[in-house]
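Read the single chain below, which is given as structure tokens and is the form predicted on its own.
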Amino acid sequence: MTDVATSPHSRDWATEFDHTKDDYAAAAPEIWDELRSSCPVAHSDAHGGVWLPTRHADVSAVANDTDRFSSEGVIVNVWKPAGIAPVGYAPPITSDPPFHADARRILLPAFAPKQVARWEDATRATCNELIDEILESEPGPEDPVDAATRYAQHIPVRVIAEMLGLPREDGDRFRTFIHRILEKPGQQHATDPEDTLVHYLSTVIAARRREPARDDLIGFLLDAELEGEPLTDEHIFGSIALLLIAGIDTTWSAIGSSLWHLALHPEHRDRLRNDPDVEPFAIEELLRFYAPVTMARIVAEGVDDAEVGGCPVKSRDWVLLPFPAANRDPEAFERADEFVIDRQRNRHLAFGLGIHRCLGSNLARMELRVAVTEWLRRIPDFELADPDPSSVRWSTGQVRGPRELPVKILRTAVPDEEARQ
């Protein structure tokens, strides 16, 4: 484990943390552990002031208290949303009760298990197409392959694009939007107005309203109603933006983190390949140990009696909800700091909890499972190109995963054509 206190990049994490900085991203699990034992609720002046609880109980308490903690803003930023509750700018994730329940209900059918199962074959085909492209370049032990940029980052982009009915070739644009919004929030970008998410989705919605109905998620939203009225363009825009941002970066980060772990642990690669019964437990443990998402809340307007872990907080304060930190709390999990591949009891918070628990969890699980098992079936042995695990760069912001993941492919397997059908 990294000694955070003596790290050359260390700071007083209890008062100077900044989740958008590289030093925090690189050592986040160690920082959470240090804070949990010394200052379980940290506070920083970054981004206008933000609180950071690290214990499972405190994260859970905030996530479940929708009266005192609003979802009006879920991405910490100097610009703080105001006056848009209970709808928010990306329903239902930014919606508060009572609006939240109806907004969530609209999307739930599209992410039910049977609907998600329809996309498994396409996901598997995408994974194998990407692996084919990698192996066709004939990489050897001295020719590292970036498993993040050539594999993990493409899978959810293509799946979500197909579900929404958007061109898969727009994937690079989606990744640019995500980087601006999640990794560098509040920073100024010299961006052409026509190269923004607002322009992109506004153009898409306007064009789709002029076209015949199509059987995809955008068509579904255009046809949906709320209290007997069609959804507004603003509601449709926010929900599509949510699916693009929350449905892409989170999943590719989980896939990338899982491959990073497996590159370091040949015993876990072998167990996953040779013991089919362990697969569902391993996927859940990968989600627990490498949960990518830290959400945020704003103390609700006019609330003067809220606290986080015993620390009084003021109306309109930002509060981060690091679900990954909660997942490593020894008060909530036995051997919390260990990766237990066959962990039986695993009520992790990778998908959050409370009314905002991720509605796309079925899709994310499926994509992670297929991505990991197809990679291991085709590339059973691989390792980090640089044996030092800290050589991998992790993303900053509220979604954490490896942004580059150079690996050496040590052995490949002959593809089973029948299994790929």
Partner chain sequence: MKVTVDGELCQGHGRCYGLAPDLFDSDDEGYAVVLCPGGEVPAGSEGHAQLAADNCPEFAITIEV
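All values derive from a computational prediction rather than experimental measurement. Numbering follows the first chain given and starts at 1.
Keep in mind that the form predicted together with the partner chain is missing from the display, and what follows is about it.
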Practice item. Name the single residue among Ala112, Ala206, Val198, Val78 that comes within 4.5 Å of the partner chain in the predicted complex, judging by heavy atoms. Key: Ala112
Exercise for review: Check each of Arg347, Arg118, Lys314, Arg335 and return the one that places a heavy atom within 4.5 angstroms of the partner chain in the predicted complex.
Suggested key: Arg347
Point to revise | 4.5 angstroms heavy atom contact with the partner chain in the predicted complex for Gly49 | key: no
Point to revise | Touches the partner chain in the predicted complex: Gly352 (any heavy atom, 4.5 Å) | key: yes
Review point. Is Arg124 one of the residues lying within 4.5 Å of the partner chain in the predicted complex, judged by heavy atom distances?
Key: no
Review point. With the cut-off set at 4.5 Å between non-hydrogen atoms, does Leu108 touch the partner chain in the predicted complex?
Key: yes
Exercise for review: Work out which of the listed stretches, 244-252, 134-142, 276-284, 289-297, brings a heavy atom within 4.5 angstroms of the partner chain in the predicted complex.
Suggested key: 276-284
